[in-house]
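Shown here is one chain on its own, the form predicted on its own, set out as C-alpha cells.
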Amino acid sequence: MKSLLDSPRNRMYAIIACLLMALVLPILFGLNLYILTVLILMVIFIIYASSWNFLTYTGQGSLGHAAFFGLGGYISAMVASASGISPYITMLVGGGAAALVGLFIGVICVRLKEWFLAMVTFGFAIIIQTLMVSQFAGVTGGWDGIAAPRLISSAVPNYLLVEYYSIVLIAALVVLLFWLILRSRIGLAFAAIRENETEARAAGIDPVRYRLFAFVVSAYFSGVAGALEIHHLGYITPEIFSVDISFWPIIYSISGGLGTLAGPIVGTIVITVLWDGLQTLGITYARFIIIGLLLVLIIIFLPKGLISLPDRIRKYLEGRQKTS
C-alpha cells in the first residue's frame, strides 16, 4: 500500500502547507520576540539537519558535523567583521570554508565504512575545537569567543521578523536544491550506492566520487547554517563545536524520518516545540529524559520516523473497519 506522501500532489500540498504555516506563525503569536527567536533557531536547524541527512542518501553518517557548523560560523564572523560585508554574503564564504575542510576529510576517509567515517568526523570536531582555543586563540578569542555582526541591524524596525523571513527563504531554497539533486541522475546514483554498492560499481557508478560529492555538499550547507546562527546570536564561542551540536541533527533526522526530505523538517519542528515547551513549563533537566524516551519509542514503534505516523494511523483505522 502506498504512503500518503508517495503522491506528487500530496507532496506539493504538504510543502505549500509548511510554507504557509511558516509565513503566518509569527503573526499568530503577535510578533512575540521569544517565539520569533525560537522560530529562527528552529529554521536554522532545519537547514542543518537537512544537510546532515543528505549524507544518509549515500549510506554515510557523521558524528561530528559540529565541525562544519562551527567552521562556517567562525569564518563568516571573522570575514564579516574584517570587511564589513553583509553576513548574507559572508555566510557563503563560511560555507565554502566548511566545504573545503569537508573535501579534505572526505578525500582521506570517504572510503571508510559508515561508522568508521562517523567516528573520524567525531574526532575531527574535537580537534577543531581544541585548535580554536589554543593555536588560533589570537583570532578566535579562545573560550571567550568573538563578536559577530548581526544579520539585520537592531535599528531596523521589526528586524527579527525580517531576519526570520529571510532565513525561511534560505531554508526553502536549500531544501529545493536537495530535492532537485535527489531527482536527478545523481540521486539515482545515491540510491544505487546505498542499496548495493557492489551492483552500483558493476553498473559503472563510482561510489567514492558520489559519496565525496554528498559529503562536500553536506559540509557546505552545515557551514551556512552555522553562519546563520552565529550572525543571529551576534556572538560565537568554541562551544559551537560541542557534542550536542553534532547530535541534534541526528536526533531531528531520526525522529522525523531518516533518508527523507521531510523527515528532518518534521523532526526539528516536533522536537523544538517539545524542548522549548517543556522549558516554558519549568521542566529543565527532566526534558532530557523525555526527549530520550520519545526517541526510543520512535525507533521501536516508528522506525521510519514521525512522517510515517499518518500511514500507521490510516492502516490502523482501515483494519478496524474491516474487523467491524
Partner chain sequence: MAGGIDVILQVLIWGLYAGCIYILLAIGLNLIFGVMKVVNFAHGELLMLGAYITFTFYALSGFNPYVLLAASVPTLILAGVIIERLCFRPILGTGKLNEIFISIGLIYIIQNAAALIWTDEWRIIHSPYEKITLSIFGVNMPLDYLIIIITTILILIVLYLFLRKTRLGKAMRATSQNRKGAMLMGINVERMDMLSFGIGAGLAGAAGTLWVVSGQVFNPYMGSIPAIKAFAIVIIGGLGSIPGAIIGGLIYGIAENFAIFTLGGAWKDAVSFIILILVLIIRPTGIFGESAE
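The structure presented is a predicted model; accordingly, all values stated were derived computationally and were not measured. Residue numbers count along the first chain shown, from 1.
We do not show the form predicted together with the partner chain, though everything after this point is about it.
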item	value
Contact test in the model of the complex: residue 52 vs the partner chain, heavy atoms, 4.5 Å	yes
Any non-hydrogen atom of residue 63 within 4.5 angstroms of the partner chain in the model of the complex	yes
Residue 310 within 4.5 Å of the partner chain in the model of the complex, heavy atoms	no
Partner proximity in the model of the complex: residue 273 to the partner chain, non-hydrogen atom cutoff 4.5 Å	no
Segment that reaches the partner chain in the model of the complex - one of 103-111, 144-152, 162-170, 226-234, heavy atoms within 4.5 Å	103-111
Residue among 88, 247, 179, 213 with a heavy atom within 4.5 Å of the partner chain in the model of the complex	247
Selected contact from 217, 251, 79, 193, since only one has a non-hydrogen atom within 4.5 angstroms of the partner chain in the model of the complex	251
Stretch 122-160: residues contacting the partner chain in the model of the complex, 4.5 Å heavy atom cut-off	122, 123, 124, 126, 127, 130, 131, 134, 135
